[in-house]
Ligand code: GDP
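Next comes just one chain, in structure tokens: the form predicted alone.
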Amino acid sequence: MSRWLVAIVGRPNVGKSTLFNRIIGQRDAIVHDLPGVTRDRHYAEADWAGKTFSIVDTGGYVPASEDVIEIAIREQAEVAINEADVVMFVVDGEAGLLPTDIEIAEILRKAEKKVVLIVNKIDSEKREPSLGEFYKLGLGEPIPTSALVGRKVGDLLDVVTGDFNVSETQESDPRLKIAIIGKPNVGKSSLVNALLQEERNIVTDMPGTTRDPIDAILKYYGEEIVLVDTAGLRRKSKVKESIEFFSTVRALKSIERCDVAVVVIDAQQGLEHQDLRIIETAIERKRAVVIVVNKWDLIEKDETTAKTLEKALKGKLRIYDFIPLMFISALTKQRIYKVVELVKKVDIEQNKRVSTSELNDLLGADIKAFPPRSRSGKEIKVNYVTQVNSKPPVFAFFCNEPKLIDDNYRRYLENKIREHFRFDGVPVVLSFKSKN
């Protein structure tokens, strides 16, 4: 995964979302079957000429508005600008240069980031003479584009990714890297400090104390482990959606740099929508995940409390119920080092290899007991399966009609793989290929 982050900003109705969907290759909002997480996508992984990067879409930026929704959109755009390596500033070639464009350009110049000025809705060379007025923004040469029809999007991406290095996507550091992620004020910095046995990060009960991801080295029985403590909020946001957007975007880079993501949640609050979104972000990026339920010392409990709460949390996780849970208190240091042990076990799981013979013996029986069926009535035969990669584990199923394997059967096979071989906390990838 790349560490590069690209943000799309601009005033409303200039075509930002159309450009975003064009770049990631999707026309519609992506829908997930995890309850509470279905949404229009604000961020995704993209690839151009072998260069992988994360791309963030933002709402229409209105700099001076006092409207509560526009304030939220402005905050989200500011977060994206602060975090991005490259900012794609989109303006409307049909509407021409507007005062709001000038205000946004002033903000971008102060940000001291690489800014690519995109004049959208230029669907032919005949309309390119209108580019002249956009030079007034002082952001370099404007690039004419039509996101709707895809005109010159390739040229645009050449400029955006010009400074990206293909080799940047390769991680050479052999040390285990753990990202400590989660929404603000759940105790991420407290957990890092407890593990390091020092007050390395400032800890208060106000969200937003940690401003930047900070790497720390944990010496654990002679082994060096890299801890990444992700940021909370810079300030209290006026709108809840901005908090959610902020913590998710800030977690992106740390997730992409880690081997295992430790998602910290608050025992008193339980598993909330924002927690689910952060968990999903890590799983989408094929990162192993451990969930740590912090502030366990504040819960009134009896012998069955932990089991009851774990069952409730697993129920909310649904398709992600393979993620292991641990109850801790960063304040009292209860079970904090067991977190490291659990992470190490999960890391072993994601590097595990299963022999082809064992896969075919066990999964072959499962497939025979419950063979795949197609809506067309055409017979589907799965010939054999083999593991082709690890971290994450990838299993290739060779069959006569790979395109006819539906999502329900994919889930059945994944469940059987976990039943036989566990892979606790690890996303499993299934690939279906033609037997020829």
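Residue numbers run from 1 along the displayed sequence. Think of the rigid core as the biggest set of C-alphas that the two forms share within 1.5 Å after superposition. Just so it is clear, the structure is predicted and the values come from calculations on it, not from any experiment.
One more form of this protein should be noted, the form predicted together with the ligand, which is absent from this view; the next part is about it.
A.B. asks: Please check if K183 has a heavy atom lying within 4.5 Å of any heavy atom of the ligand in the predicted complex.
C.D. replies: Contact check for K183: yes, within 4.5 Å of the ligand in the predicted complex.
A.B. asks: Does at least one non-hydrogen atom of G187 fall within 4.5 angstroms of the ligand in the predicted complex?
C.D. replies: G187: yes, in contact with the ligand in the predicted complex.
A.B. asks: May I ask you to check whether P12 falls inside a 4.5 Å heavy atom distance of the ligand in the predicted complex?
C.D. replies: Looking in the predicted complex, residue contacts with the ligand include P12, since a heavy atom lies within 4.5 Å.
A.B. asks: Might L98 be said to contact the ligand in the predicted complex, defining contact as any heavy atom within 4.5 Å?
C.D. replies: No, L98 stays farther than 4.5 Å from the ligand in the predicted complex.
A.B. asks: Specify the contacting stretch among 215-223, 353-361, 140-148, 304-312, defined as having any heavy atom within 4.5 Å of the ligand in the predicted complex.
C.D. replies: The contacting stretch here is 140-148.
A.B. asks: Ok, L331, L196, L108, L317: which has a heavy atom sitting within 4.5 Å of the ligand in the predicted complex?
C.D. replies: Of the candidates L331, L196, L108, L317, L331 is the one lying within 4.5 Å of the ligand in the predicted complex.
A.B. asks: Between K253, K121, R287, R74, only one gets a heavy atom within 4.5 angstroms of the ligand in the predicted complex; which residue is that?
C.D. replies: It is K121.
A.B. asks: Is it true that S54, E78 and N383 each have at least one non-hydrogen atom within 4.5 Å of the ligand in the predicted complex?
C.D. replies: The answer is no: none of the three residues contacts the partner (heavy atom, 4.5 Å cut-off).
A.B. asks: Enumerate the residues of 291-316 that have a non-hydrogen atom within 4.5 Å of the ligand in the predicted complex, in sequence order, or give none.
C.D. replies: Heavy-atom contacts to the ligand in the predicted complex: N294, K295, D297, L298.
A.B. asks: Q334: with the rigid core matched between this form and the one not shown, does its Cα shift 2 Å or more?
C.D. replies: False for Q334: its C-alpha shift is below 2 Å.
A.B. asks: So, superposing on the core, is the move of G93 at the CA at least 2 angstroms between this form and the one not shown?
C.D. replies: For G93, whose C-alpha is compared between this form and the one not shown after core superposition, the shift is 2 Å or more.
A.B. asks: On a rigid core superposition, would S355 pass a 2 Å threshold for CA movement between this form and the one not shown?
C.D. replies: No, because once the rigid core is superposed, the C-alpha of S355 moves less than 2 Å between this form and the one not shown.
A.B. asks: What direction does the F20-D406 Cα distance move in the predicted complex compared with the shown chain, closer or farther, given a change of 3 Å or more?
C.D. replies: Those two alpha carbons end up farther apart in the predicted complex.
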